[in-house]
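You are given structure tokens for the same protein chain in two forms, set apart as structure 1 and structure 2.
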Structure 1
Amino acid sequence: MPLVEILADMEKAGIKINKTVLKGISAKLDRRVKKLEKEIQKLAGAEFNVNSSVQLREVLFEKLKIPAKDIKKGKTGFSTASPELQKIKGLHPIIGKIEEYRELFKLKTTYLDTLPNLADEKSRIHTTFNQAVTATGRLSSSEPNLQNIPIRTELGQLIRTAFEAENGYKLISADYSQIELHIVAHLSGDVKMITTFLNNEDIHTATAARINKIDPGKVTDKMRRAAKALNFGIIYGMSTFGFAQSAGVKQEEAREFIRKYFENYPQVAQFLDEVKISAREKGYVETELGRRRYIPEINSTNIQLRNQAERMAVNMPIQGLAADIIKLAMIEADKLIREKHPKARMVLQIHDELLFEVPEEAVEKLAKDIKATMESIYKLSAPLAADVKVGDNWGEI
């Protein structure tokens, strides 16, 4: 309840966008989308509507005869949804092009062409924050949904450059660093993982070094990537198959990697097992602060439903506590602004990040205060860490 008023203020304040920047990116993207469409049609050997799942299905599985052994089949035929296409990505170059085309087409239609029309007369966008939509307790955003702008892609960063501070103001971004992994370490009590965070070491490099039994200095990019995929995969109850795909390794390698992972982090393995057992007994899981999610499917006789429920059960106490923590941080940050920096305002919350619009003269002081507030809001045995950056637009921070 204390958050309701804060969210209302954020919705009312909105965030400024630069329509010219968005139109420029849209035009550039339009050229790329058209080029991709031609490349796809060339690979298919025929002109067809790439956005039509019926036509795409015919091209992939009838014309090009790509094996559809593991592809889900519905009433109308084989699925062309992204998770299904992932399974056949290595079988034909057309799949990678389709994936890229879809991502660019979606970003263009969802953000670049739409956002300028949603801005008010001051060029500010007003999203709606929803507290009671996601099952884990995370806030969601709608009309427009600003939480789906990709974080790690070049294009996502480019779109973010269109979100600006007003003249005389700067944007401050305060982002929890790997909060979910800090929470895994805290909830499981895993000594090695907690020690890694206490020593300010890179968790992915440390994990790769432990699994491969080598010195951290000898960890290659590929080893770190695989360790990172599993560190985050654990949070989402990732399967051997899922890990093999995301790390780009064979199933047997993935199985062995996971075995070594749990050998090195035994308390994490124990914690995950205990969560599943408790969920089966109680029919629900909850966060350390008491937010509860009921998961009746965990005792289902349908193995797919049960596996899905187990993944939800594992993820909820971790992601749910991250959601609880950021809400507490928002309440505290709001108090800080009201008491010490009344001209500043909190404008966005995206996953583990808070965005503030702050008068230039107050930036340095407020950035320090926000960092201290976010890091001290909740006590974890692997202490919270927040990265704070300042810039004129969201893309440069």
Structure 2
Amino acid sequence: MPLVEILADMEKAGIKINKTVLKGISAKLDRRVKKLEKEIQKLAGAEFNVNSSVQLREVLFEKLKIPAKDIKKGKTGFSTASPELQKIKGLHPIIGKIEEYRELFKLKTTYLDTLPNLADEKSRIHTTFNQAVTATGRLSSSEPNLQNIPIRTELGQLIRTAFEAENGYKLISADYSQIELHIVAHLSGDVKMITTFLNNEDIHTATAARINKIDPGKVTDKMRRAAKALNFGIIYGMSTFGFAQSAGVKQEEAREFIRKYFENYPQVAQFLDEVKISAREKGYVETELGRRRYIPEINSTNIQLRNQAERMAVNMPIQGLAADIIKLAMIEADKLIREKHPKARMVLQIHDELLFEVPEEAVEKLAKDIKATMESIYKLSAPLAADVKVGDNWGEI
């Protein structure tokens, strides 16, 4: 069946939410948010709208005179975004309060207060999957976006517990492990990176061990974090500055890290160069399956535009192939459940994860089959690996 029809079925099926849980959390948060607002205003010595970045900027940098050195500027002035607040966190107790307020307010207004109103008579919510929006071939999800349901904070996980399987069913989540780095290994043919995945080693730890020339067992948390930022940097078309920012190191140090990284993964460096050269010649890049992204700015004389174009060019064949692969897996998984377990259904796709709602008696068999399908759908020289988990709700998983 064509993907577009599968997506229509997923939209129609929807996913069950527990309205009571969401409303309960919201009511509790309401009190906490109001209290935080008062505390912030007291520390500021003024009543103002904490949600207004304009007003907040005045309070922090003019009224309280917190030094704004190193704070990024937007079109309208100093930024109050989270990474900037991080830089001045130790200078005033108001910063911590603002961060907590922001997290709670965001989750409350975007998810807790909105989702219950969108549920149908069966308590299910229905997204729209857009197949022709993104530049890389990914899907997008809107009204509501179910591809950005919180997970990173404790409260976020709690919100996920409100996404449940209906009675007699379980949720199965199947997600690709490090699919984009597997793709980097595959496309570049880098022997060391491929070997790491073939041996089921942790890629970030292995990378840290190599660039520091030590035993994997001797890798510290800090070293692993830096290596992780490097690995991500590859996927994003890393700049020295960008990596320095995310790893929290000085630019000279960043340069050295990057040099060591490419020394260890020389074929990755070569691959990235080749993608850029090809993009300049053709004016487009493409995934291994032939999906194209045109990048006219790749030959711009404006350095900023050209640098940005190069990052897009490097990222697309990686992110795009991951999107191609999971789409193929969706078609195959849909076929599988349709033939063997027509009561089971695929309900969500979140870029590298598929979520299914499955009758209890079919869980064991289907979980195994879905994993096998996802792993065998496309042959990479660093073979795909998928993790499958089962639960009564998404948070538990």
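Keep in mind the model is a prediction, meaning the values are calculated, not measured. By convention here, residues take numbers in order along the sequence of structure 1, the first being 1. Note that the rigid core is defined as the largest set of C-alphas that superpose within 1.5 Å between two forms.
The chain as displayed in structure 2 is taken from the form predicted in complex with the DNA. For the chain modelled as two rigid parts, C-alpha superpositions between the two structures yield a turn of the smaller part by 17°. A C-alpha shift of 8.0 Å is found for G90 between the two structures, based on superposition of the rigid core. Relative to the superposed rigid core, L64 shifts its CA by 4.9 Å between the two structures.
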